[in-house]
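Only one chain is included here, represented as structure tokens and corresponding to the form predicted alone.
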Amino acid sequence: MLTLIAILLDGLIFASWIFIVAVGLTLIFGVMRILNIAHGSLYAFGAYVAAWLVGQYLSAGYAPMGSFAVLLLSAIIVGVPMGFIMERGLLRFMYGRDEVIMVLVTYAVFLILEDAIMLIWGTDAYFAFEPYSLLGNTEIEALVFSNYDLAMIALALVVGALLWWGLNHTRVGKYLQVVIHDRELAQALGINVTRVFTITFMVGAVLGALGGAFTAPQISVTPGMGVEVIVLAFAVVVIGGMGSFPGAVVGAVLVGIIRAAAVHLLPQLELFIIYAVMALVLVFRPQGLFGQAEARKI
């Protein structure tokens, strides 16, 4: 029973942060049909800025509990301007081109941003462990869980609820759904598709940076961390279905639980099991669990 509880909670904790990153990726793809490889660098920038700002904030002698607000502020500081610059300064010139071209462009941006990280912060690891230790621990019989890790589950639930509400109960969300289903019809109805694209990319960028900012206290922030997360986020999106919000939820939970089960039961399969599941899903559902099949162009 303890092993089952450990697998469940560890899986949900892992799923929570990867969901926050993956839902930004799937939102951008669903609206703009862009597989944003640079999303991993937005995650890394969020982690670096958060670690640096938390260090500056605490060294100035401010209240430690305020560091949680600093983490949130870091995601906004990174996501809003970088999302705007990337979409307005580069990607808008690529609209209408083949999706493979968009992948190559965002991959080039990813490589540039990874070098920019080392140029700004160097190759040394950064640590922001103080917020992680502030919330204490919770004991479940012989198991001890950090309350910060458990709070990540709550953060993912809040992010998911806000996105669901925004997509289904706001005017901007209705516009997004129209653009997703038929971009030309949206333009004919007078919807400013350009503005919708910009807002979507900025929101997705903030979500990517948010995942990095709140993961920073759990890990050592090092160069190259964006590579691993974009691969995992891509696996979640592919399993759930490209552009599907419910798919991002189910994909993240599935990946989290399967990875946790492998860690506890078959640790030698940890790196393999996620991609094995992705391959298995693609065999039977090439469009993902919640993705919609598209008509073939001949």
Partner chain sequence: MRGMLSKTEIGLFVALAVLLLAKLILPEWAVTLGTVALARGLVVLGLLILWRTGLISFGQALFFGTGGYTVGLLRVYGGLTDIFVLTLLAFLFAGLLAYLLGLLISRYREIFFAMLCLAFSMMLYGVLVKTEVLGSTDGFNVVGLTLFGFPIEGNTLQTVNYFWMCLLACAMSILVHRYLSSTMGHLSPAIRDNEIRVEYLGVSVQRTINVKFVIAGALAGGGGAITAIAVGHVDPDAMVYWLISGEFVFVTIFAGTGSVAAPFLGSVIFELLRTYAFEYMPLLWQLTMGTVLLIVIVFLPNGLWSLVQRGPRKG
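Positions refer to the first chain, counted from 1. Note that the structure is predicted; figures quoted are calculated from it, not measured.
We do not show the form predicted in complex with the partner chain, though everything after this point is about it.
J.: So if I measure heavy atom distances to the partner chain in the predicted bound form, which of the stretches 201 to 209, 153 to 161, 185 to 193, 93 to 101 falls within 4.5 Å?
T.: Partner-contacting stretch among the options: 93 to 101.
J.: Thinking of 108, 112 and 228 as the candidate spot, does the partner chain come within 4.5 Å of a heavy atom on all of them in the predicted bound form?
T.: Yes.
J.: May I ask you to check whether residue 57 falls inside a 4.5 Å heavy atom distance of the partner chain in the predicted bound form?
T.: No.
J.: Counting only non-hydrogen atoms and a 4.5 angstroms cut-off, does residue 271 reach the partner chain in the predicted bound form?
T.: Taking the distances in the predicted bound form, the answer for residue 271 is yes, it comes within 4.5 Å of the partner chain.
J.: My question is simply whether residue 61 lines the interface with the partner chain in the predicted bound form - judged by any non-hydrogen atom within 4.5 Å.
T.: Result no; residue 61 lies far from the partner chain in the predicted bound form.
J.: May I ask you to check whether residue 282 falls inside a 4.5 Å heavy atom distance of the partner chain in the predicted bound form?
T.: Although the partner chain is absent here, residue 282 would touch it in the predicted bound form, with heavy atoms inside 4.5 Å.
J.: Counting only non-hydrogen atoms and a 4.5 Å cut-off, give the residues of 19 to 42 close to the partner chain in the predicted bound form.
T.: The stretch touches the partner through 29, 35, 37.
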